[in-house]
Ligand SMILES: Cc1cc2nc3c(=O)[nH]c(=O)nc-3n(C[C@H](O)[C@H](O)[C@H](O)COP(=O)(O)O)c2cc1C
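Listed next as structure tokens is one chain, alone, in the form predicted alone.
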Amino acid sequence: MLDRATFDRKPGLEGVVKGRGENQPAEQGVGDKFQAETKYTPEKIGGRYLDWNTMPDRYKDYDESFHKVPLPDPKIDRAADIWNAISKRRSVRQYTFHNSMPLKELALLLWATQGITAESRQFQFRAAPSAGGLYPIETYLMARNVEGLEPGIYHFRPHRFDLECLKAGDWSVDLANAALGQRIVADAQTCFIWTAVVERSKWKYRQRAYRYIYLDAGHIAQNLYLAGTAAGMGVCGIGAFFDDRVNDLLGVDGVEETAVYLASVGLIAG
């Protein structure tokens, strides 16, 4: 395990990938089977009707006892050139450790990733697309150094545009250890943690839902990258982590709701 004192001298864990011999047959693993068994064919795609009475809720709320933090209205008060943001987008891994991220900047990033941008006939559209408009991805935050926000683990509610504090305290090192010892998680002002409420997609798409869940997470993460770039902040997506350590940190079961992606966000060093 790593602690704050060892991050300066102990690197993150690195996986070693060994190539297979030229004449060695490829082993069919779970990923290969999943890809094959979730293919659409004309024979598979029909003959099923949706039960609208069992449709899962699109939003998650915690008990009223959890502390709620209203977020500032997202105000785009600067000229943003999408083409410039695309050209400058990079994974940034060096952050200024001691400076605080303004809460209004965090609010803008949350709006850009999963904020509600329009409403029509009681349906709410969000900033990132989702297969079937089912929105299985939930956003959590590990906040280490955000101005006006106590350190802790938070859950973002798009329909209320607020944060629910689930755990108080500095969890940056715990999350970094769960992310294979990657220092960027411990140094970032905040880290986005995305989970999937799997049944929201499986209700319609059954086993193919997992394909769409990961696509949805990718859409959201790219919005974070571009919004962070436009706002002058550093973002780095993270797919390497011990799944159940992250799940335990959030208090989710890893089955009905499970972590799928992380992204560190910080003020750029230098």
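Sequential numbering from 1, following the sequence displayed. Bear in mind that the values here come from a model prediction, so they are computed numbers and not experimental data.
This next part talks about the form predicted together with the named molecule, which is not shown.
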For this session: Look up in the predicted bound form whether G239 has a non-hydrogen atom within 4.5 angstroms of the named molecule, and give yes or no.
Result: yes
Exercise. S91: heavy atom within 4.5 Å of the named molecule in the predicted bound form?
Worked result: yes
Exercise. Would A143 sit within 4.5 Å of the named molecule in the predicted bound form, counting heavy atoms only?
Worked result: no
Exercise. Using 4.5 Å between non-hydrogen atoms, is Y225 touching the named molecule in the predicted bound form?
Worked result: yes
Exercise. Taking the partner as it appears in the predicted bound form, which of 50-58, 197-205, 239-247, 29-37 has residues with heavy atoms within 4.5 Å of the named molecule?
Worked result: 239-247
For this session: Could you tell me which one of A128, C165, L134, I184 places a heavy atom within 4.5 Å of the named molecule in the predicted bound form?
Result: I184
